[in-house]
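Single chain ahead, by itself, as structure tokens, in the form predicted alone.
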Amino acid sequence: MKTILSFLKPYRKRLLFISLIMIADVGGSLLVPTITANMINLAVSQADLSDILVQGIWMLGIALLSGGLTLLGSWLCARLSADFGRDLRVALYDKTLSFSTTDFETFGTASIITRTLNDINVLQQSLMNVLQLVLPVPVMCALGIFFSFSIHRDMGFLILGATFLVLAAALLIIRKAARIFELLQSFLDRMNVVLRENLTGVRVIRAFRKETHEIKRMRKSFEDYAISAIQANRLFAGLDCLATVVINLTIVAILYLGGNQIGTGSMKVGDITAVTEYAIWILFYVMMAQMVILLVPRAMTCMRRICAVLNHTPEIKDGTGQSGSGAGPEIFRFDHVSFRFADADENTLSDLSFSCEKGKTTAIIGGTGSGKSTIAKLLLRFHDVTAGQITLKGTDIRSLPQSELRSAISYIPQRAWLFSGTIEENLRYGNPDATREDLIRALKTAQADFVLDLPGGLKSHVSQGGTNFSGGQRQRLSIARSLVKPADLYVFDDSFSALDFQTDAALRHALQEEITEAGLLIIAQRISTILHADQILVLNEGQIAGIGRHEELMETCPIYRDIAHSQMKGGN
């Protein structure tokens, strides 16, 4: 709760102003029945018409003022709710940017999306409803009951009892609603997960003819959500029915008791009208507040889910140091590095020691699951090492700000991902100040100059994920994007896998000519991709089985030699 209140703190003056407007609005609403009663009593007693006219003018003025305050209050509430939601979403998004892969797995990508969009939307609606429909209720009840007691004691007790009955019923129903709304949010998460899997994996589903199976799985998640939603709606309907019955019974009781009191002369006809209006206003506000309060358990569930993300301590903590001057050729160094995933029983990488130097190409090859891509993730601090250290120009990367570390690296992941927009916007992703000449040079180096032949050229549209380009084209565009960014080390994480041998060779040759001051780290499956590397690391079950140039490893490393023979017909 403290976390959410901290987001409302900057708007405390606006909240106070809204509260004053709501109190004034409620006061005006209750004055109208009082004036109406006076007018009726004056008419019954055959008073001067001018007195009735004065009362009517007062009533009109108060009604107009109350209506204006209602409109102003609604606008301020909507504005406050929108600002509150925006601040929460920005904070939640900024927080997730600091998450490691393990942190994301803790919550799940679909759940984080649900929390950022749906859960915050629930909080926004709840805040606006509480301000407009719950905040005025104590004032309405207090003033309405006070005015009723001032007219007749029995009327005051009658309205007090009816209000208490409705509030007690609401509290009982709210206790039942809390668990249902918790289930609703968990089912919503599940729907997001299944729907996301089905949409992104639709080709696999069709290829394996699993449409019927996935339809059943999707329907099951829809049905679970629908059952809980129906239970919640039944609670709403029951409370609404109860409140309506209580309001009608209260009005009947007022008319019955009021009629007897008129007969004895202790009440006037206008007083009955006023008390009836007080009862309707009080019970209407209480009923509306109940409907809002029924949503509070859902809002509280959403709030806990949001606070769980905001209060989560990221696995990767930012450093405050600075990297060395870099006078020597060494850029990054792995010094007896070991790494183990949090839920693993044994190390993924064990006792790795090697360095990446300026102007040199370091290559990593090994079997599937040998830990090749994990090395790239450790360099970028997507995970932290379990033992040993990685240094950037002599400084442990854990002591550096993540922004400084990642500015020194240009990374091309295994899966080439492009963002929706234009090719030019994608290429400028790592360097917004790049010139057109920089972009064209990067495209030519990456063998992606096919872009220049497109009708739109650099302005050509890119679909989300780059799905309007082939796998090889996406990979080359991803490489071009990385080359636009100035960096000390360019990391290619199996980024040539979708390229044919001719394009692969041309790209590697262009890279050697283009990148002379920075280092290259190439993670690959194909021997042909790394033949001319200055040093090749051979990984086997997370350990270095050999290190050296291609010719040396062919003589000294059996594992490398087996890989070469299987790919190159004799290893030449």
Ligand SMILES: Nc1ncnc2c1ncn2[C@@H]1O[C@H](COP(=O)(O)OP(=O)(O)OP(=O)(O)O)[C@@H](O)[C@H]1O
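We number the residues from 1 along the sequence you see. All figures in this text were calculated on a predicted structure; none of them were measured in a lab.
The next section is about a form of this same protein that is not shown, the form predicted together with the named molecule.
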(request) With heavy atoms only and a cut-off of 4.5 Å, decide whether residue 107 touches the named molecule in the model of the complex. (result) no
(request) Answer yes if any heavy atom of residue 368 is within 4.5 Å of a heavy atom of the named molecule in the model of the complex; otherwise answer no. (result) yes
(request) Please run the contact check for residue 525 against the named molecule in the model of the complex: heavy atoms, 4.5 angstroms, yes or no? (result) yes
(message) in the model of the complex, does residue 474 come within 4.5 Å of the named molecule, counting heavy atoms only?
(response) no
(message) To test your reading of this chain, name the stretch in 119-127, 304-312, 339-347, 226-234 whose heavy atoms come within 4.5 Å of the named molecule in the model of the complex.
(response) 339-347
(message) Please identify the residue among 389, 402, 96, 374 with any heavy atom within 4.5 Å of the named molecule in the model of the complex.
(response) 374
(request) Using heavy atoms only and a 4.5 Å cut-off, determine which of 221, 414, 198, 74 is in contact with the named molecule in the model of the complex. (result) 414
